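Only one chain is included here, represented as structure tokens and corresponding to the form predicted alone.
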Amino acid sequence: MRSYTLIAPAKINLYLEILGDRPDGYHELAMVMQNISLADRIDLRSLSVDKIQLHCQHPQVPKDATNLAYRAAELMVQQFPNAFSQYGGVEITIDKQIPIAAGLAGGSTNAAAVLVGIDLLWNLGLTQIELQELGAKLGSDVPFCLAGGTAIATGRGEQISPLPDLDNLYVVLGKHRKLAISTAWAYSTYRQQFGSTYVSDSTTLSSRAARVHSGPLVNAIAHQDGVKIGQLLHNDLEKVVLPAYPQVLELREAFQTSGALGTMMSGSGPTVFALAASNQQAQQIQERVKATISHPDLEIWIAKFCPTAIQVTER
């Protein structure tokens, strides 16, 4: 039986701007995304029967078609029925290290790993663009998880433009274990409260999205300027999440007074992160936040920016 092991890293948003509504019901976005070293491990193995099996040690991770990794395998079966007939099914085992429902693209990066792994198992020889087109059918974050590194994401998040790699910064992430925030709620609430500010014409939407490419954050990334990057972090969704979730606000304020280069909520939350110039500084931030918030439900991780997407580690 053929098998592959893949490392699927989490991502954070360094910038998230909501520009307006799209005809497909999604929001038009302009984001800067970054992979970090916090990662899941995905083992894929060929099966002699025509079925998909999914296993995960985390009790809250679904093992059926509600799991994005399972849906990624289903998509490959639908798109490549001849390969499925020739090579058989696939067994997927997820070693879950990325916290779930955390705004860190854990489900999306697992799906990306399954696409890459099945491409290898079935000898499909798909290009990066072809994989990203498949990924866009599954979710807005999947194309970035396939591209990886540091990138601008526009459209609903599926249009990826690579940026110079950032691997000189550390990140401290905090999340209350039992706290989850619905992404759909966050975006719909933002629409209710700030929809009057949305751009409606396509020309203005395009120019606003393009402005991020030449904006100060991208310039700071190009110069590897961690201090400036920390100052320029931005997330529109904080406007609705922080007032509604006091625990997220408290965590953000604790990070803000911990000596970090900058702090922000990632995606729709509830994870909050702080940037650090070194592992030593990251450890100091972690200790200070733990001393400030002694809640037993709070989990804190240290990770590093990484320039790579899905990595194949074993065959």
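One rule holds for the numbers: they count along the sequence shown, beginning at 1. Since we're looking at a predicted model, the values are computed, not measured.
What comes next is about the form predicted together with a small molecule, which is not displayed.
> With the cut-off set at 4.5 Å between non-hydrogen atoms, does G259 touch the small molecule in the predicted bound form?
Replying inline: Flag for G259 set to no.
> Hey, in the predicted bound form, does Q280 get a heavy atom within 4.5 angstroms of the small molecule?
Replying inline: Taking the distances in the predicted bound form, the answer for Q280 is no, it never comes within 4.5 Å of the small molecule.
> If you check in the predicted bound form, is S37 within 4.5 Å of the small molecule, heavy atoms only?
Replying inline: S37 lies outside the contact set for the small molecule.
> Is N235 one of the residues lying within 4.5 Å of the small molecule in the predicted bound form, judged by heavy atom distances?
Replying inline: The answer is no: N235 has no heavy atom within 4.5 Å of the small molecule.
> Just one of 284 to 292, 53 to 61, 24 to 32, 251 to 259 has heavy atoms within 4.5 Å of the small molecule in the predicted bound form; which?
Replying inline: It is the stretch 53 to 61.
>> Counting any non-hydrogen atom inside 4.5 Å, which residue from V116, I229, I94, V241 sits next to the small molecule in the predicted bound form?
In response: Contact check passes for I94.
>> Just to confirm, with a 4.5 Å cut-off on non-hydrogen atoms, which of N219, S206, T197, T183 contacts the small molecule in the predicted bound form?
In response: It is T183.
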